[in-house]
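As a starting point, one isolated chain is supplied in structure tokens, in the form predicted alone.
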């Protein structure tokens, strides 16, 4: 089995680009960030502060998360309900950033993430895939773009979905997530050793997909 680990900051387009690359390669795509979003959503629905570990951790035992693949697309099932669309709001994004800083949450999801890679050829993306989740992945990529570019993409995505958003607020939230992700004590966002930096600033989606697939194929055949 071959594992491709893709890490990078919020809004780098990991989900969209990695999903497209996985489809072309015939691999299963696993979006680990969606799992943290599901936990963040669960805490918001319970009225719990996602950054308060003392409140979050006791509730983990009541959570079931599974991944389903329908027509090649990953769907996230939280306690029996498909929440794949519900987890994409800015509020849930910030909640995901907060719960992901809690060691018990990361440990809770680690076995699920590794099990998905054990029996499948996978493209898995997140913040710590190459460093923690799949440290022995055959290919490790750090996918990034400038904060302004990432905020613009996220803003346009939200607007296209009918979600009310302000660019400056999206940029501010993204910079806060960058800080949170790179400064947390457990599994901070850093490029893995031997990872390949792929910067998509200025690219169209198609250009980014082609750039990533080109890097992956070069490594697979080297």
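Numbering follows the first chain given and starts at 1. Note that this is a predicted model, so its numbers are computed, not measured.
The discussion below concerns the form predicted together with 2'-deoxycytidine-5'-monophosphate (DC), not included here.
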Do residue 75 and 2'-deoxycytidine-5'-monophosphate (DC) come within 4.5 Å of each other in the predicted complex, heavy atoms counted?
no
In the predicted complex, does residue 184 have a heavy atom within 4.5 Å of 2'-deoxycytidine-5'-monophosphate (DC)?
yes
For residue 129, is any heavy atom within 4.5 Å of 2'-deoxycytidine-5'-monophosphate (DC) in the predicted complex, or not?
yes
Using heavy atoms and a 4.5 Å limit, would one call residue 152 a contact residue for 2'-deoxycytidine-5'-monophosphate (DC) in the predicted complex?
no
Can you work out which of 117, 145, 137, 96 has a heavy atom no more than 4.5 Å from 2'-deoxycytidine-5'-monophosphate (DC) in the predicted complex?
96
The chain here is shown without 2'-deoxycytidine-5'-monophosphate (DC). Which stretch in 190-198, 57-65, 157-165, 36-44 comes within 4.5 angstroms of it in the predicted complex, by heavy atom distance?
36-44
